[in-house]
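In the block that follows, a single chain appears as structure tokens, in the form predicted alone.
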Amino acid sequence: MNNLMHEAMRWFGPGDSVTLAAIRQTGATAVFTSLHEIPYGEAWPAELIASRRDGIAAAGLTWSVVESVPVSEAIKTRTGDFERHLENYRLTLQRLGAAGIDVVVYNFMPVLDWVRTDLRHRLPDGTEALLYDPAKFAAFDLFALARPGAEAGHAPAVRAAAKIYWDALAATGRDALVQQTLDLFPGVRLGLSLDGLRTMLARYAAIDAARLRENLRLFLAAVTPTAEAEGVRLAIHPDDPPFPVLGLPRIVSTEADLRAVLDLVDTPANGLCYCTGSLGARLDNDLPGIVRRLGPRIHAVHLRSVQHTTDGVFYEANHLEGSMDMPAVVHALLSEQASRRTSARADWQLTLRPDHGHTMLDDLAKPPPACPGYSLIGRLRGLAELRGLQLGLSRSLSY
């Protein structure tokens, strides 16, 4: 029996330049994907779920994890049409469960999903990586968005560096920074403008971390009974980056945050998407320790590494490099999986995917992928490295 974790790739649907046939050639056996064409808050049609599942199966793969069923801003703020959106969320979970798809990733990040400031940071070996620079993001916040009170969210040294950076940018550079910040949503473009972003931010004027956590509790209380009934496990994705941005609270950034989420509704259906890249963007997160202490509630795994440099800057490293100990993480995950198997858990085998990847080799000359960080060859390298690491550890530790 294969005691390694299942291997998957993220796929952004029929419009993805990375095809299912190419994913199969990487050695992955499954995909994490979503119905990105369905507007946030709307129910997913059962026939479209079945059609997408069957199309993936016809390519020799399995749709093992939904990434993601988005939580609408109405639900996060409990305003507007949120009750209808909750009912649609429950209906979508029912339909996914009936289709045999039993893990659903989601996040509770307000307004913005993950944030990067450089999408093609050139590394010394010629490959390109995603990078986050606090000064560049502060320039967006202070001078493009001109958010009231933004100064308080950035240290004086960061504000000074942001001013120098912004003043040196030509108009085209400023426009590019604004557009990529507004557009950086995995697999989907929301068509935001600066005014639209300001409107969305205004909805959080009275929502602090405590209120957002309570709204998450109410969301989980509303949907986990349906998940339990349908055999679906929910997996919340950590904040990326794991600290407040644009004055917005972020409540899934540390181990204490993760434990608090699990305690909101204490059921196996309420679990975690363990993302080492998001959690690893904070040096105070103990990544192997999180697996050892919270492992039974991990339902999906994203593996990637980040390299911290100076002044809060970090970039996506190769999967076995960077500022984190990937062998220790994979060791902890294989130990958790072995414990599940010993206890005869039906969901003993975890599913991982290599998260992000460098743009390299032939992909450098191709049009940008469906989402930054998701070109094929860099993720293929990451998956191969992680496969070798798993195999070596499992043989040496007899897992």
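This one's a predicted model, so the numbers in the text were calculated from it and none came from an experiment. Note that residue numbering begins at 1 and tracks the sequence as displayed.
Same protein, other form: the form predicted in complex with D-mannose, not shown, and the subject of what follows.
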property: Among the candidates E228, D325, E214, D113, the residue which, in the predicted bound form, approaches D-mannose to within 4.5 Å (heavy atoms); result: D113
property: Heavy atom contact within 4.5 Å of D-mannose in the predicted bound form, the stretch among 360 to 368, 336 to 344, 43 to 51, 62 to 70; result: 62 to 70
property: Exercise: R379 in contact with D-mannose in the predicted bound form, heavy atom 4.5 Å; result: no
property: Partner proximity in the predicted bound form: H237 to D-mannose, non-hydrogen atom cutoff 4.5 Å; result: yes
property: D-mannose contact at Y106 in the predicted bound form, heavy atom, 4.5 Å; result: yes
property: Contact test in the predicted bound form: H302 vs D-mannose, heavy atoms, 4.5 Å; result: yes
property: Residues from 348 to 379 in contact with D-mannose (non-hydrogen atom within 4.5 Å) in the predicted bound form; result: R353, D355, H356, Y374
